[in-house]
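We begin with a single chain expressed as structure tokens, specifically the form predicted alone.
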Amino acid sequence: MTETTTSRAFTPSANVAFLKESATIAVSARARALKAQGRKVIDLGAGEPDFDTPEFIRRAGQRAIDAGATKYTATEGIMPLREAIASQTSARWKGAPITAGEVVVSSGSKQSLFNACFTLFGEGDEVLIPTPSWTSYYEMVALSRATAVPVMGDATRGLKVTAALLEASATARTRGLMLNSPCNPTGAVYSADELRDILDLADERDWWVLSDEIYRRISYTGPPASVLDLAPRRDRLIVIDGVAKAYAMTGWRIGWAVSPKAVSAAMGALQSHTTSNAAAVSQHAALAALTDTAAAETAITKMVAEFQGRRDAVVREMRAAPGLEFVFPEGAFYLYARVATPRGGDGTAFAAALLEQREIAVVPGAAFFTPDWVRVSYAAPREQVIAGVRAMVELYASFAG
């Protein structure tokens, strides 16, 4: 019998056929490919701190390995870590203490967000997403077979949404909304009053609120408000956080969701059939990050101070370009700029020209449903950040005339 060598066409299932590759990951991949060709690319597309994980956390991970933390753990995470998370969140909540049973530890906050969407939403549901927002929110909602409803932020408010804007986009099928403050991609931070108005509306309409607070510790105007500080109650509230950004632990892949106990049980059951537990050694490292508070505060304060210095330098460079609009970043480590011009095209064309002509990688705003913009990450050495932003300003000036 002769064996055929003709390959059969692959057709992805309806579950994933609509998905697009993460634009942020794609930009970093293209930058790495150009570097491999010998080009001196400055990557300002990355969404992770350029600092090493603090030494006290790394040592805790090493001790955990030596102590045998190399086996499966409970699906929802080791109890000491869940207790530490519960204690930390309870300090911000005015009601009954949050318990470890209301915490599910996952392989990064991205998985926690996905678990929440997949558990809470389904076909026929609509979920409001302030826009621009992190690209994966829209895809996660779609994977849950619900409909993501972009709600465009107010340009006069740093592209943040208001309760009125959310209400105007709501329908009888609205079941929830996503919040993120400080924001990716803009660096904007919601004030306590802004968040309170949104939470009051959600409570009135009986919406689920998913609050992604992964950047909360990276703020330049004092500690930003958490929804736990302001929500009238917690029975429709899911708070997602993790150690990736504030503790420079992106590769350790530890995030968590804090939610009502019934929701946590459902998310734990879902996770038991997908990834099971997060890496044991990473959980022990995260435990050290949360419980050695003196060392953690020293490390975070130093890192945030450096980010703020870079932010200030970036803003000075941006203000040197007449007509170049940007959101003043009060948190996270991103600057969002409107670069579209008649001669230069939209943000996608601008980002392509910046990479190919000036060897600077940024993320096109189309990834965040705002095609005239680009996202610049200043999570890179300061001299690279300044050089990259200067090149961007020069390119914009050449297009804008």
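The structure displayed is predicted, hence computed values, not measured ones. Residue indices: 1-based, along the sequence shown.
What follows is about the form predicted together with a small molecule, which we do not show.
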Worksheet item: Is N115 close enough to the small molecule in the model of the complex to count, meaning some heavy atom within 4.5 Å?
Response: no
Worksheet item: Taking heavy atoms only, is E102 within 4.5 angstroms of the small molecule in the model of the complex?
Response: no
Worksheet item: Any chance R92 has a heavy atom within 4.5 Å of the small molecule in the model of the complex?
Response: no
Worksheet item: Is there a heavy atom of R82 lying 4.5 Å or less from a heavy atom of the small molecule in the model of the complex?
Response: no
Discussion item. Check for me whether the small molecule, as it appears in the model of the complex, comes within 4.5 angstroms of all of G108, N180 and Y215 - heavy atoms only.
Written reply: yes
Item to complete: Go through H284, K245, K160, R311 and name the one with a heavy atom inside 4.5 Å of the small molecule in the model of the complex.
Response: K245
Worksheet entry | Answer option from Y190, W208, W134, F121, heavy atom within 4.5 Å of the small molecule in the model of the complex | W134
Practice prompt. Tell me the stretch among 180 to 188, 150 to 158, 264 to 272, 293 to 301 that has any heavy atom within 4.5 angstroms of the small molecule in the model of the complex.
Written response: 180 to 188
